[in-house]
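Take a look at this single chain, the form predicted alone, given in structure tokens.
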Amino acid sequence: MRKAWLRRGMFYLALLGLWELVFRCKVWPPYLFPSPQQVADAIIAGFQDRTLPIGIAISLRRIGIGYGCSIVLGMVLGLMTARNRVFEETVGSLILALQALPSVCWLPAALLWFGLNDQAILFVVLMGATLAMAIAAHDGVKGIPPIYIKAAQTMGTRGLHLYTRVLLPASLPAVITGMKQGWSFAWRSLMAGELLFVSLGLGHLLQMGRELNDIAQVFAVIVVIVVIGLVVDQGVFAPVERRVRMRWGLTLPDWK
């Protein structure tokens, strides 16, 4: 684990060095490509004037609501398509078709349906994450050996208990992977929605940097967005996914 963090740290230090080198070589003019120091100063200034904390809080609130709803809806759709042939052939095919559509394409319709408010952005986030969750849950249930389900039914497990005690636990590794993928889709959908629709949030700060021709602010917000995504992925999903896979015997424990 320590070696992994050491390699990761050395990689990012080398990346910063390359960034500084490109800046000093003046491949692009400073107003188009800032230095790491300028971006760091922009991040510090954003926290000092509270624009970044406010933007982060608003974006996290939106992603929390939209992503939470997508987990529930995606799980329900995934389980229904996996256990009902008619539902799989109809709604399941629609889910697969809509998955190929970028979620930001829903924004014009969402603005017409819900108006210029948070509901439009939340709808885009919901469409971005729900389909990925539904497909992951469907594949997870389909990957369960039929003998497990037959054994549970033989012992009297029926109805809701079959889902809560057999299907969900057995498909949990795939579901966790789907939640991780759904988070990525939801985060990207949120940023795209905030970029195109003027509202408070990190996407709005990114757009403001472009309008003010402040490339340092643009890069600063990009760094914050990447860091938040990395923290959630490595700090929340990676440990849970590792424990679930180890518990289900899908990976070996790290003895070192």
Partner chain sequence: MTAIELQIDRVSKAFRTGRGQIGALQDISLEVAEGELVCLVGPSGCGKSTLLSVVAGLEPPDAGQVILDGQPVQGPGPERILIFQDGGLFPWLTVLENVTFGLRERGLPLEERRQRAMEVLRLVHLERFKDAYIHELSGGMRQRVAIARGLVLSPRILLMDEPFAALDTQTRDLLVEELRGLHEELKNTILFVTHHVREAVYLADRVVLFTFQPGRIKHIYPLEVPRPRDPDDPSLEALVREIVEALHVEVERALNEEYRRA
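Positions refer to the first chain, counted from 1. Owing to the predicted nature of the structure, the values given are computational and were not obtained by experimental measurement.
Quick note: we don't show the form predicted together with its partner chain, though the next part is all about it.
Exercise for the section: Flag this candidate site as yes only if Asn117, Phe185 and Leu190 all have a heavy atom within 4.5 Å of its partner chain in the predicted bound form; otherwise mark no. Expected result: Heavy-atom distance to its partner chain in the predicted bound form: none of the three under 4.5 Å.
Problem - Proximity to its partner chain in the predicted bound form, single hit among Ile71, Leu107, Leu122, Ala170 (heavy atom within 4.5 Å) - result: Here the answer is residue option Ala170.
Exercise for the section: State yes or no: in the predicted bound form, is some non-hydrogen atom of Arg242 no more than 4.5 angstroms from a non-hydrogen atom of its partner chain? Expected result: No, Arg242 is distant from the partner.
Exercise for the section: Look up in the predicted bound form whether Ser93 has a non-hydrogen atom within 4.5 angstroms of its partner chain, and give yes or no. Expected result: Answer no; every heavy atom of Ser93 is more than 4.5 Å from its partner chain in the predicted bound form.
Problem - Contact label in the predicted bound form: Trp248 to its partner chain, heavy atom within 4.5 Å - result: Because a heavy atom of Trp248 falls inside 4.5 Å of its partner chain in the predicted bound form, the answer is yes.
Practice task
Determine whether any heavy atom of Ala100 comes within 4.5 Å of a heavy atom of its partner chain in the predicted bound form, and answer yes or no.
Solution key: No, Ala100 is distant from the partner.
Practice task
Have a look at 85-93, 140-148, 124-132, 174-182 and name the one stretch with heavy atoms inside 4.5 Å of its partner chain in the predicted bound form.
Solution key: Looking at the partner contacts, the answer comes out as 140-148.
Practice task
Go through 145-166 residue by residue and record those having a heavy atom within 4.5 Å of its partner chain in the predicted bound form; state none if no residue qualifies.
Solution key: Heavy-atom contacts within 4.5 Å come from Ile147, Tyr148, Lys150, Ala151, Ala152, Gln153, Thr154, Met155, Gly156, Thr157, Arg158, His161, Arg165, Val166.
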